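Next up is one chain by itself, shown in structure tokens, the form predicted on its own.
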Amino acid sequence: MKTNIAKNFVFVSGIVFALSSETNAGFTSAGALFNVVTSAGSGAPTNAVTQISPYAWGNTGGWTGSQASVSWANDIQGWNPTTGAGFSNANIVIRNNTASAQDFLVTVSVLGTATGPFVAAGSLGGQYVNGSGSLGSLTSTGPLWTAGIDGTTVNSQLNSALFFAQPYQVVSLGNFNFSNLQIASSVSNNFSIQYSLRLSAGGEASFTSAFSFQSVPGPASIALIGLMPFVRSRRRK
């Protein structure tokens, strides 16, 4: 993957959510930030925010260039005082309709603070579609998927990914999970999900992933970390 990426586009969700008036030991969401860095040219990001419940929000939008795009449908659960669990899950679709391979770095950040320690869990699944008449590829020079807290990686998947597809074929990227990950540090700014990959000409990559964590008050609450939210499904048209 090339290290020099041409353009950088950042879009904040356009709203800062009010902090909960209740005193919680865990994460309180203060909004969401979507960051797209790509070599595929310029474009304008958009995002629509919908409040699902007092602690949960949905974000739908994307980045669109002249011959490439990134779209997302993302749910954010701020700290829920009943279950004690917070999470971010997302459907991400990345399309490269240019005539050459392009790099994409997409980050979904949930802004806020929380006091550790935590137990974390996550999941990742996806597919690669080669829409060109030549052999296509999806690659990454490092982890394709990363879960982070305050810019520090806590888990990564698909390191040095390498997938090939014949013309107009679909290749599964597999399914990956982790759970009961012990995290000692607190959250001072954000927790995030990041995708880093290169798509050949005419390629499309779609992912469903989740990153969840909660404080460690007792065994009953720890058991809830296994109840990972199921990411909303998205069918390729």
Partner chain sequence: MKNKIEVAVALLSLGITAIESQAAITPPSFHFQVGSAGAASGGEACNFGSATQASATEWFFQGACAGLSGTSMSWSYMVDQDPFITGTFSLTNDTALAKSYVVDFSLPISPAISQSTVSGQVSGTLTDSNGSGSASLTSTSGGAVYTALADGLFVQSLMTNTNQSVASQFGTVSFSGGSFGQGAPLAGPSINSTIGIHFAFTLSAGDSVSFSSIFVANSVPAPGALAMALLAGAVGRRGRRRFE
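Numbering follows the first chain given and starts at 1. Given the structure is predicted, the values throughout are model-derived calculations rather than measurements.
One more form of this protein exists, namely the form predicted together with its partner chain; it is left out here, but the text below deals with it.
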Contact between residue 185 and its partner chain in the predicted bound form at 4.5 Å, heavy atoms?
no
Taking any heavy atom pair closer than or equal to 4.5 Å as contact, tell me whether residue 191 reaches its partner chain in the predicted bound form.
no
Is residue 114 close to its partner chain in the predicted bound form, meaning a heavy atom pair under 4.5 Å apart or at it? no
Please check if residue 52 has a heavy atom lying within 4.5 Å of any heavy atom of its partner chain in the predicted bound form.
yes
Exactly one of 118, 163, 87, 104 comes within 4.5 Å of its partner chain in the predicted bound form through a heavy atom, and that residue is 87
In this chain shown alone, the residue from 124, 149, 158, 108 with a heavy atom within 4.5 Å of its partner chain in the predicted bound form is 124
| its partner chain in the predicted bound form reached by all of 71, 169 and 206, non-hydrogen atom within 4.5 Å | yes
